[in-house]
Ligand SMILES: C[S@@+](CC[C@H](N)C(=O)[O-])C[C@H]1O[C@@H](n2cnc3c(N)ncnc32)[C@H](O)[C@@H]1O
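Take a look at this single chain in structure tokens; it is the form predicted on its own.
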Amino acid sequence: MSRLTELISKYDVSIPRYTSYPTVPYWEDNLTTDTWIDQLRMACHLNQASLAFYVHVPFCESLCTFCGCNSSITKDHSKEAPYVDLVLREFEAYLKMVPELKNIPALELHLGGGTPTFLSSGELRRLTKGILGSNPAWSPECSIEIDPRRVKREQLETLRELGYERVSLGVQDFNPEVQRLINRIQPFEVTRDVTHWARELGFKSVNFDLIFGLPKQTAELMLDSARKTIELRPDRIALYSYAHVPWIKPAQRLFTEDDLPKGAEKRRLYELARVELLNSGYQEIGLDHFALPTDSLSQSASKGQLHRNFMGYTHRRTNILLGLGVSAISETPTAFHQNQKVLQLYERDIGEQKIPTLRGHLLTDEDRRAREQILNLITKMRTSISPTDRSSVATMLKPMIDDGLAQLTETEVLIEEQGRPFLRNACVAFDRRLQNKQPETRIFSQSV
């Protein structure tokens, strides 16, 4: 048994992905809409307060069976305008309740989904201007997720005219059989053409989303996808681990677990792609991202300024993430808030001039300390610890320390390079909520 195989058999367990802390299943749901508005207003008055917008567009014309996102499958484009109306009405409600939002700089606007380019050029324009027109001084860095199978060059032209600088292309895998099993037929030429359009139109950064661990993926196929990616030379690459959670996403039952690479076999797919990318000039960023040295993500990582939130890795931190649209999650230094996940309930609340609150969490002081420590591990592979934490952290991390994956000093935890695949396992050492109450049913995907 190889060293990596042995480690994966030991550490590949069901644990959170840590896009937030506390993780959503451990939110206490102790946040009313009024409390959320108070927390948002308080964050606006912090020194050097800054703002990022995330807008969720749930619509997709077809269902990709690997997907874990909140989506609404439809080919009815008459839904576009009413949905944009709802999002802008939600934003107007925020501005009415928290007028201080207009007084702080907006650094980022990101459209995710679903498929944001389900919206026509006209609706993309109306949505963007409806948000950014609220403050002429706002000039955020704008980015959007696009489906190369559906996007038109004319939409990219409109986005560029509106000031969008970054596009993220859903690719997942270039092999036709893997694409068939995940219900996402996307020939290489389609991705190539959209990438070239983005370059010709002057987008500053192109990202590819790839996934390892998909059904029927093999080492040979993973290498082929990595090499085709390198041929197109995106500035950034997100190489995500497929999260198999059919108890949450029933569409994942359309293929069997026997079709999926597991354990060391699955991790080998990542390692093969990783070597190809590193040898081609990419730098490994955090847990599952790569970027060229010229990209702001690499530059931010080298300066120790990398950040991670519900949108993934970003090159700078904002105090406030304001999520708009169905299921969107917002955060401040003291609270998380999630919108209604069912479109009809979201629409009902907006119609009643309410913030469409589904749930939220008011962070305790202990939550806030743990959130910073976990964020540091995920972005910097090290974090400070207090004398009162050291004993419990030492106990939790002992297996990783003994295996040469982590170091513990009097004041700091450091993750070794060989420990990078097990960053999430290290985060568990700071997750008091998980330690105190293990889930009664399986709710998390595998760590590796």
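Note that the structure is a prediction, hence the values are computed from the model and not measured. A residue's number is simply how far along the shown sequence it sits, counting from 1.
Below: the form predicted together with the ligand, not depicted.
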*Using a 4.5 Å heavy atom cut-off, state whether I401 contacts the ligand in the predicted complex.*
no
_Quick check on A243: any heavy atom within 4.5 Å of the ligand in the predicted complex?_
yes
*With heavy atoms only and a cut-off of 4.5 Å, decide whether D147 touches the ligand in the predicted complex.*
yes
*Is there any non-hydrogen atom of T318 lying within 4.5 Å of the ligand in the predicted complex?*
no
*asked:* Under a 4.5 angstroms heavy atom criterion, identify the one residue in G323, G170, P234, G360 near the ligand in the predicted complex.
replied: G170
*Go through E265, D209, E284, D224 and name the one with a heavy atom inside 4.5 Å of the ligand in the predicted complex.*
D209
*Pick from 99-107, 154-162, 68-76, 257-265: which stretch has a heavy atom within 4.5 Å of the ligand in the predicted complex?*
68-76
*Which of the residues spanning 111-131 lie within 4.5 Å of the ligand in the predicted complex, based on heavy atoms?*
G113, G114, T115
